[in-house]
Structure formats: structure tokens, C-alpha cells
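Taking the form predicted on its own, here's one chain by itself in C-alpha cells.
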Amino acid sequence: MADRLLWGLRAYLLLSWMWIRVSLTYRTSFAMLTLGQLLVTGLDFLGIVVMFSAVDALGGFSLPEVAFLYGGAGVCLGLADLLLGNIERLGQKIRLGTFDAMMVRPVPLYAQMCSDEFALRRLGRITQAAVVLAWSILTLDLDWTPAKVLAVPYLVVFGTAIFVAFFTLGAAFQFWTTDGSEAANAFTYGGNTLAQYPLTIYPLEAVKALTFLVPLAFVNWYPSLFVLGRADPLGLPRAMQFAAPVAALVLAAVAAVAWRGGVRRYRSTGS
């Protein structure tokens, strides 16, 4: 099992490096695409800044606090999107028949799909979100204890793991639908949009759903409550603020089962 995992990781790194070298062949194009993505995603935060020109707080949170939520969610989604964003194109590959070619190669399918056309230009999204996150950290007037400092990389690692699981679940869903990428995007890119704002602006029923049904709240909301020293609007135990590893592990297990089930069920379209 360990050897298989190591082989899959090695194959993923080799294939990703191949696509990185391809993208760097045309450096000007790569730089323009990366910069363009940085600027486009930056418009999202510009909209929040404009909003705060009319209000002092959003859901009880100040601009630096909202920036912390925005930056944390954005970095997590950006990293997951960079690592395996192209897996969302599984349905297209099934329809075109190119997925069949992957099945006859002596490389794990998951590694092939995750590394396929690895897009290094997605660093633009990560950079933009990281800049906003860094600005919020420098601006927030907080008592930075060692626990709160460690909570920031904790948020990034497990938030990314949760988004990785959602990307995998969305891809596995396409084994049954072959054209369900938009539905899957609702939980990844749509989930990121939800997580960018304080959950206090949503009804309590929505917050419960994002905690217990679709656990997007563990990406950045609960870790951020700990960092920002905020009370949980649901009044849940403080341990929930540290439950992101559990949510990530459960989602990863569900995603792994769904992916393996989808591969076993797969029948070529004959394209």
C-alpha cells in the first residue's frame, strides 16, 4: 500500500513537472496569464473594500477580519485548485474517450488526472489571496499567542485538504453524470465564495448545514473564530474550532470511496 502511494506521488510529481516545463516554454504568456488571474481574482476583494465604504462592519466583522476570512479561504482553494484543479474536467475526458487512454497506462489514474495539464498560472490566485491574508494579519489588533500563530498554517493545511476532497468528490460524481462539473463547482468555487464572508450574515440553518451537512465551515470559519477571538454563533463547544482535521479525514475517506467506486463502475462511452 505504501509503495503504491509513493509510486502515485512520484508519478504525479514527474507529470506535473513535465507540464510546468511546457508552460514555462512561453514565459511571457505564462507571466501574462498568471498576472491576469491575480488581477481578476483581486476584483473580488476590491468589491468587499467598496462595500466597506458604506458600512463599518459586515455581520459584526471589520474589514481586516473579513480579509482574514477571504484570504484564508482563497489560499486554501487556490492550493487545491493548483494541486488537482484539472480533475474537474473528468466528464469531458470521458465524453471524448481520452480517459480510456489513461486506463491503459502503468500509472495510477488519480495521479494522471490530478497532474493532467498542471496549470502553474494558478499561482496568481494563490498570490492574490496570500497578499490579502498577510495584510489582514498585519492589520488586525490581536494578541498573537503561539497557538494563534500556529492556527494560521493549520487553517491553510486542513482547509486545502477539505477542498481537495471536494474536488475529488466532484470528479467522482462525473462517473455517473459525465457532465456534472457545474454541480461540482458549486461546492468548490461556490463554497469558496460562501467562506469568504462571515457566516453570521447567513441564517443559522445555513450555518448548521455548512457545519454538519457540507462542512465548508471547517475550511476557515472555525479556525478563524479561534484566531480572531470570536464567539461561535451556534454556541457549539470550543473543540469544534479544532475539528478541521476530523472533517478533512472524513471527507477524504468519502472521496476515496467515491473515486474507487466510480473507476470500478466506469464503462467507456465508445468515443
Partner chain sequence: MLYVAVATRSFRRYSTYVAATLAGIFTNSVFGVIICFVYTAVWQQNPDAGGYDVTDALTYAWIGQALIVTVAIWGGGATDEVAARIRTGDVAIDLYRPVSLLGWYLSADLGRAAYHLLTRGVAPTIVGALLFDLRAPAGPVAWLLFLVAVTLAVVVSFGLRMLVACSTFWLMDDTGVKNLAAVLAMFLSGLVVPLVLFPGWSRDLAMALPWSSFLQVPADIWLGRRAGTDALAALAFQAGWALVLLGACAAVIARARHKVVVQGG
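Here the structure is a predicted model, which is why all the values come from computation and not from measurement. Definition used throughout: the rigid core is the maximal C-alpha set that superposes within 1.5 Å between two forms. Residue numbers count along the first chain shown, from 1.
Beyond what is shown, the protein has a form predicted together with the partner chain; the following relates to that form.
Comment: 41-49 is the region of 65-73, 233-241, 218-226, 41-49 lying near the partner chain in the model of the complex, near meaning a non-hydrogen atom within 4.5 Å.
Listed residues M113, L194, L140, L82 were compared with the partner chain in the model of the complex; L194 is the one with a heavy atom within 4.5 Å. Distance criterion of 4.5 Å from any heavy atom to the partner chain in the model of the complex singles out F187 from the list F175, F187, Y154, W135. Taking the partner from the other structure, the partner chain in the model of the complex has no heavy atom within 4.5 Å of any heavy atom of V207.
Although the partner is absent here, P245 sits far enough away that none of its heavy atoms falls within 4.5 Å of the partner chain in the model of the complex.
Taking non-hydrogen atoms only, L213 never approaches the partner chain to within 4.5 angstroms in the model of the complex. The partner chain is not shown here, and in the model of the complex it never comes within 4.5 Å of any heavy atom of E117. In the core-superposed comparison between this form and the one not shown, the C-alpha atom of Y26 has shifted by at least 2 angstroms.
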